[in-house]
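First comes one chain, alone, set out as structure tokens in the form predicted on its own.
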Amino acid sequence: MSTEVTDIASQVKQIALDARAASLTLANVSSELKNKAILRLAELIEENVPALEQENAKDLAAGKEAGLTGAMLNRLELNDKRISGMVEGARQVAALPDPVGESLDTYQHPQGFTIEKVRVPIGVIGIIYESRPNVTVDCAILCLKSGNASILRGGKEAFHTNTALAKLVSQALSETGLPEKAVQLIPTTDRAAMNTLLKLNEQIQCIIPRGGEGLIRFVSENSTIPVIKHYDGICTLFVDKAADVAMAESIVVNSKTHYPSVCNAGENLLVHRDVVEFHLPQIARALAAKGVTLKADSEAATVLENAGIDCEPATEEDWSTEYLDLIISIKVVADVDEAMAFINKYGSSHSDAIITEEAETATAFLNGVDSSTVYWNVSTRFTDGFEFGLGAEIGISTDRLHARGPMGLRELCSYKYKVVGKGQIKP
């Protein structure tokens, strides 16, 4: 092993040790003090917008030179809207109830002592993410409010921006008397740092990867620490025979084109056979007008061709492809049962929607689709911690243990039992 790799490993181990020590302090800090730090961070971001934009410009220039796609550069950009979103998210998180110490259940034992189930922080959370620098702030404030220390490992494409934001977090912690090591950014993009981080299961209790499927699979396959994740977002929209076509057009276009490079964007469109000749051409024209490439099964292709709308043939592989681009796959189905079977086979348990005016059909869909978030007459683009009233999110989970869907403060907590008695012993 080279000296450089050894030095990186030692540095990451020290970061984890410092984080563990900070987490034990942070777990018992008052809500008032945590909120004070979060609100100070919001102020610091507002006070340092020009400096943040300057550092972000360095990352954008390097990204263009490296040949990053337009979608990746879009994720990387820290524009006014995203800066405002970070500030607003911080203030929302500060205003939310503190989950730490919440009593979940109480049981009076026959022997006379009390057993109370109480929400507590997980401990140290490692977040490994790509592109989006706003994740640095979102994760820092959520972990801080929930009493967890965090170790942030951003991608090399956002290194300058992440470093600038992390310095503001450290300043907010220092000014409010909280341990600066409660939030730490790994100061290198070397892969050796991540390889070390994923093995520190004595100091780190949870890993959350945010990024492309390749990153998430690498983390899941190489971590000795529990991982909360979703691999991809293969989101499907089903236009039922009882759908209002204008509503269906609006929802499908929004889900697909509002921000196509994110995990809650629509990737598949299912249309009920009874209305495909009437509804699909209108929806497809609206999508095409937004520059969306249409991939259709043979039945849908016939309808589109008869309406003079260009399309490409869809393959079996397309149904389970996360395009993250202006592309959508289209299939005709016989009914809601076939739609649910399709989603449960090809989807990724992320976010799926039905557009219909029939409550019975919608209820069947909401109950029958095995995804973390299911929608009735709502765009899938709302699967987001901010939109769900969580202030921000640390990630979206499609796992079935501990946390599912957008993860906010409560999902960053575990629990423990407090048992209080008066000398009882086991008979």
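The term rigid core refers to the maximal set of C-alpha atoms that superpose within 1.5 Å between the two forms. For every residue, the number given is its place in the sequence shown, counted from 1. Predicted, not measured: the structure shown is a model, and the values here were computed from it.
Only in words, not in the display: the form predicted in complex with a further copy of the same chain, which the text now covers.
Q: Find the only residue in 360, 65, 47, 387 having a heavy atom within 4.5 Å of a further copy of the same chain in the model of the complex.
A: By the 4.5 Å criterion, the partner-contacting residue is 387.
Q: Can you say which of 66-74, 31-39, 363-371, 50-58 gets within 4.5 Å of a further copy of the same chain in the model of the complex, counting heavy atoms only?
A: One stretch meets the cut-off, namely 363-371.
Q: Among 120, 378 and 400, does every residue place a heavy atom within 4.5 Å of a further copy of the same chain in the model of the complex?
A: Yes: 120, 378 and 400 each sit within 4.5 Å of a further copy of the same chain in the model of the complex.
Q: Is residue 170 part of the interface with a further copy of the same chain in the model of the complex - any heavy atom within 4.5 Å?
A: No.
Q: Using the partner position in the model of the complex, report whether residue 258 sits within 4.5 Å of a further copy of the same chain, counting heavy atoms only.
A: Flag for residue 258 set to yes.
Q: Closest heavy atom of residue 20 to a further copy of the same chain in the model of the complex, within 4.5 Å or not?
A: Residue 20: yes, in contact with a further copy of the same chain in the model of the complex.
Q: Find out whether any non-hydrogen atom of residue 13 is located within 4.5 angstroms of a further copy of the same chain in the model of the complex, and reply yes or no.
A: No, residue 13 is distant from the partner.
Q: So which residues in 236-274, when you check a further copy of the same chain in the model of the complex, have a heavy atom no farther than 4.5 Å from it?
A: 247, 250, 251, 254, 258 sit within 4.5 Å of the partner.
Q: For residue 246, is the C-alpha shift between the shown form and the other one 2 Å or more after core superposition?
A: Yes, its C-alpha moves 2 Å or more.
Q: Does residue 202 shift between the shown form and the other one by 2 angstroms or more at the C-alpha, the core having been superposed?
A: Residue 202: C-alpha displaced by less than 2 Å between the shown form and the other one.
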